[in-house]
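Take a look at this single chain, the form predicted on its own, given in structure tokens.
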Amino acid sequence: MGKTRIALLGFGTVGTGVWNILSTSKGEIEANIGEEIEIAKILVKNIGKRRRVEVPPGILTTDFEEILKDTSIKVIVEVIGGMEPTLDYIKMALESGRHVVTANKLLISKFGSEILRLAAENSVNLRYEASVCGGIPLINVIKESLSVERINEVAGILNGTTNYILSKMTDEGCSFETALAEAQAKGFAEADPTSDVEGFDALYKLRILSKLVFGVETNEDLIFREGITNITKDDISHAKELGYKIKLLAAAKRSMDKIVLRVAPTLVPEKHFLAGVGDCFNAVFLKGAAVGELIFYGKGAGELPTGSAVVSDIVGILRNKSTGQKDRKSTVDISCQTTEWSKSKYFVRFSMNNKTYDIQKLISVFESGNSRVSKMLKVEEAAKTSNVLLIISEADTLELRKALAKLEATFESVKGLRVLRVEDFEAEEFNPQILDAGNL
């Protein structure tokens, strides 16, 4: 039986997961690929640091050049994260004729096309299954099993931290601050949670998926991004009154020759699968022209789920050592459309004086353009004021802004205006529902 020697760049959570999986599943892996995988070197910052697993002497190194000069190492696995020096390491590895596996979503999002070209030029593989949704087998399914499928929409819960926070707020009535603190205490959120809660992490993953699905590069500046820091318990309770849950949704949708991408807190129907994805789990929804709707669900992070995705990429390389997979090319001229002109459904809520409440006048405000009210609910909060909840059907951002300005000009008592996007995942049948608290 042959042996393939590999090197790990990094030995934190994911690197440890890779080590443990290769150790515990040694027999199954060898039976599947007909050879042994040996971890020959592990790049670390501090050799003397105490670790949860013991490795044989001589494996740990602080010198990347030592790995690069060892010609017996055929696969280099990057699990350090970040941009520097990891981008340089990956480029040097590919240029030296080594196959590369990475879990680095930031790097693939920003430089994926460049390093894929470099891999092809050097007739080696670059795989990155673990960069999106951890252990969920998604990227290789899109590349291989769905390679000829025309995918029209991809949407998902791509960040487990924000999903955990929103689940706690929805299921237990926690405030954002309390749910975040608990996520940090459990290790689901970093001390600085900005990348997660402001939607950057989901944006990087969405760029990777949109390139895979649509075959085009998307400028980050054209992707609408909004995090969950402003989501309140009132938002969640009012969404529930209309039959929705709030999720941080990353979505890309084909519309004629355009694609629209956004990351935003979004109302999802309670009956839809994504609404039931709780805790720190991830899920992705795909809609294809031939296969219809597909759902992928599982743990999006963690030592073993992410480590499993990395190991599956290593095995995939050893099964097929020819030139690496290439991302699909778009067969039509698709461009990215700014959200200013893209249409969406919206949830609008505000409070107003009961004396000025007029259903027909309210509806006319939102139906002066192409938008229209598909659902309205009035909930009395006090003797003089009520909360008004609306679902606005298919308005673009500019249309909505004009309608909201007209609303505030028409009804001086309007206060606390709040707007969130809505995704129903199906063709809309217009069936307006005008409700009040007595109809619930």
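All residue numbers are counted from 1 along the displayed sequence. Everything quoted here is computed from the prediction, not taken from an experiment.
If you look for the form predicted in complex with a small molecule, you will not find it shown, but the lines that follow are about it.
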Interface stretch in the model of the complex with the small molecule - options 149-157, 298-306, 165-173, 256-264, non-hydrogen atom within 4.5 Å: 298-306
Proximity of residue 18 to the small molecule in the model of the complex, heavy atoms at 4.5 Å: no
Interface membership of residue 51, the small molecule in the model of the complex, 4.5 Å heavy atom rule: yes
Partner proximity in the model of the complex: residue 231 to the small molecule, non-hydrogen atom cutoff 4.5 Å: no
4.5 Å heavy atom contact, residue 104 to the small molecule in the model of the complex: yes
Contact assignment for the small molecule in the model of the complex, among 388, 43, 373, 404, heavy atom within 4.5 Å: 43
Option touching the small molecule, based on a heavy atom within 4.5 Å in the model of the complex, out of 73, 213, 80, 277: 80
